[in-house]
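A lone chain, given as structure tokens: the form predicted on its own.
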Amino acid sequence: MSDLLYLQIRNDEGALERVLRTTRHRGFQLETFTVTTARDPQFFDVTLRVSSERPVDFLSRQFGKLLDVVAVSELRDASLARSA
């Protein structure tokens, strides 16, 4: 089962790499990774689709510990909701 996460992160050197490294080190498989420039150029909006045997809130809590991460949200995927 895959889960969808939204992050707002600072546009700092290495921030995207830290997010990807945390995802991998915590045992989550990255399915999609979308980055857009936020309204404020100091931030990125990141959407990740991940899968794992572990609960997604474990990864959300880990992201919350990263200094570059400003916000973390678990998103409800509309396509998953329609098929359920």
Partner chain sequence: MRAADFIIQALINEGVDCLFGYPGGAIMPVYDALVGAPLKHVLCRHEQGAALAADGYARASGRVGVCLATSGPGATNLVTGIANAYMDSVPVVAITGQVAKPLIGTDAFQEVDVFGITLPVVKHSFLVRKAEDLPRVFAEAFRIAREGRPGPVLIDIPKDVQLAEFSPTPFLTPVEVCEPLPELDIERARAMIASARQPLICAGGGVVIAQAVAEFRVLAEATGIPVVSTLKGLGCLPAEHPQHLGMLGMHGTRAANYAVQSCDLLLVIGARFDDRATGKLAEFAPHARVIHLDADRAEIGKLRAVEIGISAPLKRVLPRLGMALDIAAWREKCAADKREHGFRYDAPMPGIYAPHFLQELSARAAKQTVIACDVGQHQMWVAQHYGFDHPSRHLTSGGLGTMGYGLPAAIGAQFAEPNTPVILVSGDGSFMMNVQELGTIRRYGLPIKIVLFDNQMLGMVKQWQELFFSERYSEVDLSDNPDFCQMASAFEIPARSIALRAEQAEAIAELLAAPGPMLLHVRIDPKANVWPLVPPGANNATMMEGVES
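From a predicted model like this one, the values you see are computed outputs, not experimental measurements. Positions refer to the first chain, counted from 1.
This next part talks about the form predicted in complex with its partner chain, which is not shown.
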Full three-residue contact with its partner chain in the predicted complex, heavy atom 4.5 Å, for 47, 49 and 76: no
Partner proximity in the predicted complex: residue 58 to its partner chain, non-hydrogen atom cutoff 4.5 Å: yes
Touches its partner chain in the predicted complex: residue 62 (any heavy atom, 4.5 Å): yes
Residues of stretch 4 to 19 in contact with its partner chain in the predicted complex (4.5 Å, non-hydrogen atom): 13, 14, 17, 18
